[in-house]
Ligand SMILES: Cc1cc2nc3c(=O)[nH]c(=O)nc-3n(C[C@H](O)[C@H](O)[C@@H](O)COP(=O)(O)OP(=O)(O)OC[C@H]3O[C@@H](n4cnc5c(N)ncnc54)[C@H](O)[C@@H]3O)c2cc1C
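Just the one chain here, laid out as structure tokens, in the form predicted alone.
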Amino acid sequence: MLRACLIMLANLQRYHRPSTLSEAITALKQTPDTTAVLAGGTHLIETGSDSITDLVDITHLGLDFIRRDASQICIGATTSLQQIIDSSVIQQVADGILATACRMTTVSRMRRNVSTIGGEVVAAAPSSGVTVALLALGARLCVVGDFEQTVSLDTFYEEAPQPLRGAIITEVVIPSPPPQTRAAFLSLGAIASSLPIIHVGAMVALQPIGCQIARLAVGAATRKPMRLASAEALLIGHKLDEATINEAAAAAAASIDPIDDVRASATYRRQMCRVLVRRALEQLRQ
């Protein structure tokens, strides 16, 4: 993958292979506007940007891990999608929604062995369902630069790419879901190997009185993955009955500004947002 990056990035001049995170930050800050971080490299190759002059390779910094304690699950930034799929820890969290999204992001196991969760988060490519699942899980990012900070994934997509100037995502943190949590990830495309038209992720914590937590997210249909806040608000405190599900699905569709391209019209994507949100919620109440 490194050799492919060296070939595809026409104006690449320097390759940095730091042995510590501090060295990586120092190298990144020298030319922050034209330096890219190399983890898996799959999205860098697709971009083929002529503006990149420096690469900072973080694959040797020990950031490929999955750890769980009582309150959260931490996934290192260079953890591959296939490692996530194979992890028994991830499979047990919220109906394995993240593992499902990783598997549906690409049918190629070879690519999943290379693509990293950090790269998927930064690229936010329409083809990736990983970001949608992470939004539904309420994920946070640990970002290290001049200082270490934790940023919610929602905020990251509202403000990106400014937060990453001279900084590196080191891990993705997922809060441990409460009991009675259900989750679903749905994706629609022409065929399994084609770029998706829309992804939808949903997670709810069900209590006898109604939904304690409700998170809905959409991707591929919009320019950036996003939460569906107005639909979520309609679910909190309510049971997942037919009327509530239909109302939330309609609110979700009304709240997005869909992409209009060769794969599908904006009108169709809005309709499918409504359909997939309704199907996801119906799946969660069963």
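Keep in mind the model is a prediction, meaning the values are calculated, not measured. Throughout, we count residues from 1 along the sequence that is shown.
The protein also exists as the form predicted in complex with the ligand; that form is not presented, and the subsequent description refers to it.
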**Message:** Although the partner isn't part of this model, could you tell me whether residue 225 comes within 4.5 Å of the ligand in the predicted complex, counting any heavy atom of the residue?
**Reply:** no
**Asked** Might residue 40 be said to contact the ligand in the predicted complex, defining contact as any heavy atom within 4.5 Å?
**Response** yes
**Request:** Considering only heavy atoms, tell me if residue 50 and the ligand come within 4.5 Å of each other in the predicted complex.
**Result:** no
**Prompt:** Is residue 204 one of the residues lying within 4.5 Å of the ligand in the predicted complex, judged by heavy atom distances?
**Reply:** no
**Fill in**
If we test each of 234, 240, 256, 44 for a heavy atom within 4.5 Å of the ligand in the predicted complex, the one that passes is 44
**Request:** Would you kindly say which of 105, 87, 181, 187 lies with a heavy atom within 4.5 Å of the ligand in the predicted complex?
**Result:** 105
**Fill in**
Within 4.5 Å of the ligand in the predicted complex by heavy atoms, the stretch out of 208-216, 121-129, 89-97, 173-181 is 121-129
**Item:** in the predicted complex, residues of 53-84 near the ligand [heavy atom within 4.5 Å]
**Value:** 58, 77
